[in-house]
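So here's one chain in two forms, each on its own in structure tokens, numbered structure 1 and structure 2.
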Structure 1
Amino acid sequence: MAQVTLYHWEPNANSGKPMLALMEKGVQFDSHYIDMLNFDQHKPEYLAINPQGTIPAMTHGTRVLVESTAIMEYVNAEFDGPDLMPANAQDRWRIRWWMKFMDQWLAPSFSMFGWKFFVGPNALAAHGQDKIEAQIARIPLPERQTAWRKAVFGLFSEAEMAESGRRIGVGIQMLEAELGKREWLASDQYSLADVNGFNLAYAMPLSQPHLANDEVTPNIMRWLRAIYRRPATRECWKLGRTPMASRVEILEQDYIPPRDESEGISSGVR
């Protein structure tokens, strides 16, 4: 079988989606860690694989694939192992709908907080202003340049942050309601929507402790713990190298009480 190589950062957000999908399918792959805070994703070696300079990317033999959700769909269709898409066409539609909603509406709002409070300040502390300016100038996608500038120099506007905060609140309520309808997010079986959603939501009890906890979102907590118990999830999170990944251990607690919003930001790598 042709060799599979995955270029990824921490098991989190976009990188974590294909990582966990590969683990669930039982596909052997070469893990290639790209340190995002060290700007590995803009180095020539990586740009030769993905000229866009974003993570993740996967190669399968001579094929090169990008876009985390689309990679997951490829992984599910191409390899043997448990099917992560159900047979029913309406269920598959619902899975795709939720993944698009999370990828394009909800996740960017979470990541705006993550970039403002974690990615930007950490990268600035590690490299200093001059080196960062030079790094940003080398980013191939103009919209990623803008994002990095805003994150590093604290330029997200209050209106932008407020809108992201609003979406996080709405999105968490939507997830809670949906998980009240069935065991898994978008169908009656564990699917790519759950893999996607876990990567978005696993640290919410830490980063949004006022919005996601055993009192206000019991369905979300049940769902997160069920995914955390899966052997593939355990294996996947072992590939993390920073405190970001170890946040997942919060799910070992049987009861997580509500906490103040301010405790979220201070505890958190989001």
Structure 2
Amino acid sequence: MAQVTLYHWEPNANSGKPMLALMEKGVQFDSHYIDMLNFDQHKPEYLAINPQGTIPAMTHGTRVLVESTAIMEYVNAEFDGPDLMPANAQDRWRIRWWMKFMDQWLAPSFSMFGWKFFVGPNALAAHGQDKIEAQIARIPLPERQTAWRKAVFGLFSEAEMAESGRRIGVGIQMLEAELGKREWLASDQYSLADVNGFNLAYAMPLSQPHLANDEVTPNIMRWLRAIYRRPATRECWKLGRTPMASRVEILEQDYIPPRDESEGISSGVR
């Protein structure tokens, strides 16, 4: 079998999706950690793999694959192991619907909050504004320079933050309702929709404690804990190197009460 190498950051959001899919399938791979806060993704050696400088990327022999959700589908189709896409056509449609919803609706909003209150401040604390400005100037794509400058320095308007907060609230309500219909998100079996969703939602009890807790969203909490208990999830999160990875440990609590909105991500809870 051709060797697999995954270029990734933390087991979180985009990087975590193919990491967890590979581990669920039992695929051996070389883990190549890309320190996003040190701008490793814009260094020549990584740009030789993925010229757009986005994370994650995966190589399988001579093949180079990018875009996290597409990589997950490739992993599931290409390798032996448990099938993470069921045979039922309606279930497959539902899985793809939820993955698209999470990628296009929830992920950008979670990302905005994450950059504003966690990733950006940590990058500034670690490297300082001058070094970060110099790193951004070396990004090869102008539109990526703009996106990084906005993200690192938290240049989001009040209207943008408010809309992201609204979208997160709507998304959480939708997830709670859907998970009241079945054990897993989009099918009666564990699937790529669950892998995708967990990587976005695992820290909600910390970041949105007023919206995600055992009283308001019992179905979500049951679902998150079930995925957290899976051996593949535990192995995946061991690859984390920053405090971000430790946030998953909140799911070890048997009961998480509702908290005030001020106790969430904007108040420094990580």
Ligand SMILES: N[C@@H](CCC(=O)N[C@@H](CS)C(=O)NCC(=O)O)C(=O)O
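Note that the rigid core is defined as the largest set of C-alphas that superpose within 1.5 Å between two forms. Please note that residue numbering is based on structure 1, beginning with 1 at the start of its sequence. In this text the structure is predicted, and so the values were computed from the model without any measurement.
*Asks:* Just flag whichever of structures 1 and 2 is the form predicted together with the named molecule.
*Replies:* Answer 1, the form predicted together with the named molecule.
*Asks:* Given a superposition on the rigid core, I'd like a yes or no on whether A151 shifts its C-alpha by 2 Å or more between structures 1 and 2.
*Replies:* Yes, its C-alpha moves 2 Å or more.
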